[in-house]
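Given as structure tokens, the chain that follows is alone and in the form predicted alone.
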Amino acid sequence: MNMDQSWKELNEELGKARALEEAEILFEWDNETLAPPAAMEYTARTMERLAGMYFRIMTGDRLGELLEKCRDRQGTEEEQAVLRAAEKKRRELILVPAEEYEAYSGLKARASALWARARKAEDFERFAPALEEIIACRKRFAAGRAKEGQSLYDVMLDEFEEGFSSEKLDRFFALLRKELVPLLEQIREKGTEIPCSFLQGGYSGEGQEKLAEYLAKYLGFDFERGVMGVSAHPFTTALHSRDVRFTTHYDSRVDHSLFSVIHECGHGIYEQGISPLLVQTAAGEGASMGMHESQSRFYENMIGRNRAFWEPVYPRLQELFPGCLGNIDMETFYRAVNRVEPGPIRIEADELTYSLHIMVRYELEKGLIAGEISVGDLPGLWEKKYEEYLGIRPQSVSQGVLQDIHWSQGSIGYFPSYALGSAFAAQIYGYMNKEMDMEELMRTGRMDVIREYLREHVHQYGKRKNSREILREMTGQEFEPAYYVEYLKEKFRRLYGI
């Protein structure tokens, strides 16, 4: 068999695996948006079978033979990226027993439904056994892949942000703790009250939906290649760059919904910007979860919380909600959506305290996987750490340990990506400000220029490049968290007159 024929057959095998992945993605989307509660158990069985079929292709001898034959093929950059991504995924799976992988897929589907019910009932004990199972599975899978001397948690971290070990993250979070916790205390001592009561009450679901659609289109999300839905926990998923889906939620606070839309659009625009040459391949996804979060945080904060962004946009909000915002000037609105107000809910966190929410989760995850804390310890430790870092104490488990869906989905090691993404975003924004007048582009509504610049330097590559390569080639520097710290200190010292 010649090399071209081997490459063709390899792509056929990977295409089968990708089709199964896309089927699972559709079921996951449906579970979070439209599926009736009674369907959960049956859907979980279907997802188990799909996962088993996917696993058998990815770990099968045939795929291994084809990867070996194509390893030295002199293909395009995109083809080489597909090979690297497929080989990495195969390495992650091949040491896991097939029956365990299949059962794990069903466990995640059931655990997510249990989490939702436990959260609604304010009953952590209802979810705790499923979480213990999830953790046990994740530890077994990590043990099979761990290199000599590598901790199980570092194996999990590597799945989401390759090369960022707990040692590096310890230094990163130590810097945030040193710089941001005292800044938060300074703001508290200053005692400046920023009015924000006008953001709550009187915002109809219909009006918020119109606002969501307007903002998504304004930012550049392409509804010919994507859709928007509603779920309890906003998220973005993609079958590929031609089918990208995100959700938001509507409640009494208009800023909650509008910033969740801007955040998820950042994810969606990233997915839609991946090169067409990578569609439905193993490399047709974002470079890493940290880089993905950098784009959502870039849109949410560097753009969405920038005064210049609202100059052309705020009149539209006043048109949609004249009774709530008609007499509120833009400067008052800008200050309100940038106020520092420590609260228990991560997805509603202000920009300054957001990474402190992540630090709590990082420390708890690390302790869980190391065996230093148990699942039963989580509610109490969660409350203790929130009091230590944010000066507040959650009043219920739905405000505390049960607020996030991630652990029920097995995403242990994912949370640090949010804080890394915020830091990546600040570094990218700092560089782009040197290349162009970002505020003038926002002020004049030229979001397409910003989007296309990000597409050229970040989005198009998919997994052709990792996050460190993207940062280095775009900004000329390795990852430098000082950009993030200085961005926050400069912004909030100015806002609060410190």
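So that there is no doubt, residue numbering starts at 1 and follows the sequence shown. Rigid core: the largest C-alpha set superposing within 1.5 Å between the two forms. Please read these numbers as outputs of a predicted model, since none were measured by experiment.
The same protein also has a form predicted together with another copy of the chain, omitted here; what follows describes it.
Contact annotation for the candidate site: Ala118, Trp382 and Ser408 all lie away from another copy of the chain in the model of the complex (no heavy atom within 4.5 Å).
When contacts are judged by a 4.5 Å heavy atom cut-off, Arg62 does not count as touching another copy of the chain in the model of the complex. Taking the partner from elsewhere, Val449 is found to have every heavy atom lying beyond 4.5 Å of another copy of the chain in the model of the complex.
Proximity of Gly286 to another copy of the chain in the model of the complex falls outside the 4.5 Å heavy atom cutoff.
Looking at Phe27, you'd find a heavy atom of it within 4.5 angstroms of another copy of the chain in the model of the complex.
Residue in contact with another copy of the chain in the model of the complex (any heavy atom within 4.5 Å), chosen from His267, Arg138, Arg245, Lys366: Arg245. Interface residue among His263, Lys108, His240, His292, judged by heavy atoms within 4.5 Å of another copy of the chain in the model of the complex: His240. Contact with another copy of the chain, judged by heavy atoms within 4.5 Å in the model of the complex, is confined among 275-283, 422-430, 383-391, 300-308 to 275-283. Scanning 20-35 for heavy atoms within 4.5 Å of another copy of the chain in the model of the complex gives Leu20, Glu22, Ala23, Leu26, Phe27, Trp29, Asp30, Leu34, Ala35 in sequence order. With the core held fixed, Glu102 shows a CA shift of 2 Å or greater between the shown form and the other one.
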